[in-house]
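Next up: a single chain in structure tokens, the form predicted alone.
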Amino acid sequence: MAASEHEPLSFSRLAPHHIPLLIPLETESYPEPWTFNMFMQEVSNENSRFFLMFEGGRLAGYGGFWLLVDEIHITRVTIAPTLRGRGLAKRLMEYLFEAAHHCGAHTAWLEVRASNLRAIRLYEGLGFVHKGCRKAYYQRTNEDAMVMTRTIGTDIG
């Protein structure tokens, strides 16, 4: 399918019945995957805004953030492996920025594995800057996390 022939994207707020859809993708994507209960906490956490992204009728990815006064902490950005490299992560991030802007947020923060160069390039391309390092942040792999931030303004994406 050519780039112009991709089906339209739609977004849906995470609900309990979505969680079984996420678990296989989560397990495939992360060395320290979230559990069913961790996703349930996102549903019940009043500060959480967590969304699924569908291309046509199939799950293409998901992501979310915690709203903390006028800042967001991005908790997850995940794209199905077979759909990576098509700009979907950027589209998902832009959707998160728009949702955050509507919530009154002005700043976004995230942590990313220091070895995840693809994600780091994406975030830098979206205006994130490096603000520090959390040593041995990821427990299972003992890997450092790079802390990044950006302003959320009228430019949204």
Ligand SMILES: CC(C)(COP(=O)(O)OP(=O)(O)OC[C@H]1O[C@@H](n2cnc3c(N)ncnc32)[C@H](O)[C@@H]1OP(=O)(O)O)[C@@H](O)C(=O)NCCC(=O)NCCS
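In this text the structure is predicted, and so the values were computed from the model without any measurement. We number the residues from 1 along the sequence you see.
Although it is not shown, the form predicted in complex with this ligand is what the next lines describe.
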For this ligand, considered in the predicted complex: do all three of 39, 50 and 72 come within 4.5 Å of it, counting heavy atoms only? no
Among 40-48, 107-115, 128-136, 64-72, the region lying within 4.5 Å of this ligand in the predicted complex by heavy atom distance: 107-115
Can you check whether residue 122 is within 4.5 Å of this ligand in the predicted complex, heavy atom basis? yes
Is it the case that residue 89, even though its partner is missing from this view, gets within 4.5 Å of this ligand in the predicted complex, heavy atoms only? yes
Going by this ligand in the predicted complex, which residues of 29-52 come within 4.5 Å of it through any heavy atom? 29, 30
